[in-house]
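Below you'll find only one chain, the form predicted on its own, shown as structure tokens.
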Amino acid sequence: MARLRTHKAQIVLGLCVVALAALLLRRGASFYGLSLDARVDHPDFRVLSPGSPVGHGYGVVGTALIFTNLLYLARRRFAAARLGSMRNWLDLHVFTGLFGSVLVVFHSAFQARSQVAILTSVSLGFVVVSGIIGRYFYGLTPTADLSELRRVLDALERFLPGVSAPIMQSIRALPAPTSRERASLAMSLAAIPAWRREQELRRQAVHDVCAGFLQQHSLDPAARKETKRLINEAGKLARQPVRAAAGASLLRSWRSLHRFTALLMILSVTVHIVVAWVFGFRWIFSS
């Protein structure tokens, strides 16, 4: 139920981002569709251009949201504090980043007329794309929980009595899942074949133990079919610790890349703000 609520919340937040983009695009479609020279004569030029009150406001609010979503990093520093689940904070982090990015894009009026603006746009694009991919990695990373495997083994005991203990012993006899704490993204990607071999060793260990027990027990066709299904499921679940270690390693290395691009974005946005302020684009703070 908790996972279902999370998925519903993600859908609602995603629809809000799409609705915002559609609303802003509808509001200024006739203006954004013109060439840069033709926009000067459009009635919305003094409203939606990057230096206008509304267009500039898009950038201010969008930048505030993007900087606000960095609170997620502070939340990670205090993971033990009771400030809501990390999953909810991550969803809020993604939402404010996307929401702010949409506003920044409309602030630019789909144009980049300076090197600073181009650098800011490119860095923001890298942050958004790397963040979305990182959220996808996060959703794919399982937890190293063997309780589900034990449940399947308990069901398997009905057909192959005594099989659970040898299976768990064979799994524990294998090397612990390899987790790379400070690996680069390239090193983590290079380790994927080794992780796949580790997963296969655990799956094969389950099947080898069960093969011996199957030879000792005479099962009717229906029971044999159910037994094979449980064995396959147990083999998949036995791989979960390796998948969890691999996913955590990939997520850590990808998060480092995301933080690096975020740092570049913050620097470029800061330069963009300073340059705009020096040239007199001060929004409501103009004299």
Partner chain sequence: MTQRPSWRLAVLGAWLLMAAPVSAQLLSPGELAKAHAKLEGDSECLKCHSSGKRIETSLCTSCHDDIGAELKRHAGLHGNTYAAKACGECHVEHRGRNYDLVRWPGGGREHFAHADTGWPLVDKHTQVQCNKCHNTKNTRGAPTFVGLSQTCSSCHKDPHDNRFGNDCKQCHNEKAWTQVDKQRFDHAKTRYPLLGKHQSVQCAKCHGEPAKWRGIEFSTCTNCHKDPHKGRFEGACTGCHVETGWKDLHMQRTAHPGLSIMGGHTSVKCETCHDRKIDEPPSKGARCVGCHVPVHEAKFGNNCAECHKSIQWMGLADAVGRQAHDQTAFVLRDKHERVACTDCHSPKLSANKRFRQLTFDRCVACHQDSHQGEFSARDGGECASCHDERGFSPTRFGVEAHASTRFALLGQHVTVACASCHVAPRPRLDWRMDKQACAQCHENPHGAQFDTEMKAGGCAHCHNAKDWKQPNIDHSSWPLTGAHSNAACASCHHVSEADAKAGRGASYRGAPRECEGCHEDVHKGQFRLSEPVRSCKDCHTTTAFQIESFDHQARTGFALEGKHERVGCPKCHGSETLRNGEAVRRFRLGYDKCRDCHADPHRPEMR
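Not measured: the values here are computed from a predicted model. Numbering follows the first chain given and starts at 1.
Although it is not shown, the form predicted together with its partner chain is what the next lines describe.
Heavy atoms within 4.5 Å of its partner chain in the predicted bound form are found in exactly one of 44-52, 59-67, 216-224, 229-237, that being 44-52. For the options 12, 25, 18, 267, the one in contact with its partner chain in the predicted bound form, meaning a heavy atom within 4.5 Å, is 267.
Interface residue among 204, 88, 184, 178, judged by heavy atoms within 4.5 Å of its partner chain in the predicted bound form: 184. For the marked spot (40, 113 and 256), a heavy atom within 4.5 Å of its partner chain in the predicted bound form is present in each of the three residues. With a 4.5 Å cutoff on heavy atoms, residue 123 counts as touching its partner chain in the predicted bound form.
Taking the partner from elsewhere, residue 8 is found to have every heavy atom lying beyond 4.5 Å of its partner chain in the predicted bound form. Contact check for residue 119: a non-hydrogen atom falls within 4.5 Å of its partner chain in the predicted bound form.
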